[in-house]
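Heads up, the chain below is alone and in the form predicted on its own; it's given as structure tokens.
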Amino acid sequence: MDLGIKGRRALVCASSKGLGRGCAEALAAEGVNLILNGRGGEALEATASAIRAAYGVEVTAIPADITTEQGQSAVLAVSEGIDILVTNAGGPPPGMWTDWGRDDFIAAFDANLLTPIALIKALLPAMMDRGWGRIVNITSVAVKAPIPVLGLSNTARSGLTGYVAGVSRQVAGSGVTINNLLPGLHDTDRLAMLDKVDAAASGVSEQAARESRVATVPAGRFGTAEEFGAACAWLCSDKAGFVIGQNILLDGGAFPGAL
């Protein structure tokens, strides 16, 4: 299927690896030119080089911490004419409710709530003026089914979900869509970190923790960055113009609800 976005220009945040890279590669495969961002310059440039070689699209790599004002300024300085925005940032650390103070919540809000909002506000007006745009936020299944040890993430990402619910409907008539992708358990560095935390807390091996986790997924496996990226590319396509303000789960059937 031709997604109708060849020649468009996309900013994909936190895209040197994991789900962000999966989204970047899927867009590049459709002929979308990219601005990639990540904190690690070496890994980011390696990803940019690989995508250029594989897909023949223009790729600009901006090493910066997108959760800071300086990082956002560096990325936005080269983001004129962006048609597609994919927001993404690493999740805050797990813990217990007794572990978190005000500073922890502010850091989580900065990364997973205020940064996406800042990028949306910066790039949305020009999309509206051109009459076309796609914004996809990578959030978490935790906004649908809160995860007790991820209270910081539950709180910040739920706030973004509420923000998108209103804004997406305010701008829908302009040709711009805003939606959220909610990843469940995908085989990324974040999952490996959670396995390590669980293993230490339970006194089992990391492999045992991993096997216990995959047993909770009806699909019988973890998701991949490639299939996550494919879903993102479709949401960014001409074919998804009637999808407004939605929260789309990619969790292998783990969420037990019907709606």
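Owing to the predicted nature of the structure, the values given are computational and were not obtained by experimental measurement. Heads up: residue numbers just count along the shown sequence, starting at 1.
Absent from the display: the form predicted in complex with a small molecule. The rest refers to it.
Enquirer: State yes or no: in the model of the complex, is some non-hydrogen atom of residue 17 no more than 4.5 angstroms from a non-hydrogen atom of the small molecule?
Expert: Yes, residue 17 sits close enough to the small molecule in the model of the complex that at least one of its heavy atoms falls within 4.5 Å.
Enquirer: If we define contact as a non-hydrogen atom of the residue within 4.5 angstroms of the partner, is residue 190 a contact of the small molecule in the model of the complex?
Expert: Residue 190 belongs to the contact set for the small molecule.
Enquirer: Considering only heavy atoms, tell me if residue 233 and the small molecule come within 4.5 Å of each other in the model of the complex.
Expert: Residue 233: no contact with the small molecule in the model of the complex.
Enquirer: Should residue 144 be classed as touching the small molecule in the model of the complex when contacts are defined as heavy atoms within 4.5 Å?
Expert: The answer is no: residue 144 has no heavy atom within 4.5 Å of the small molecule.
Enquirer: Specify the contacting stretch among 48-56, 23-31, 199-207, 62-70, defined as having any heavy atom within 4.5 Å of the small molecule in the model of the complex.
Expert: Residues of 62-70 come within 4.5 Å of the partner.
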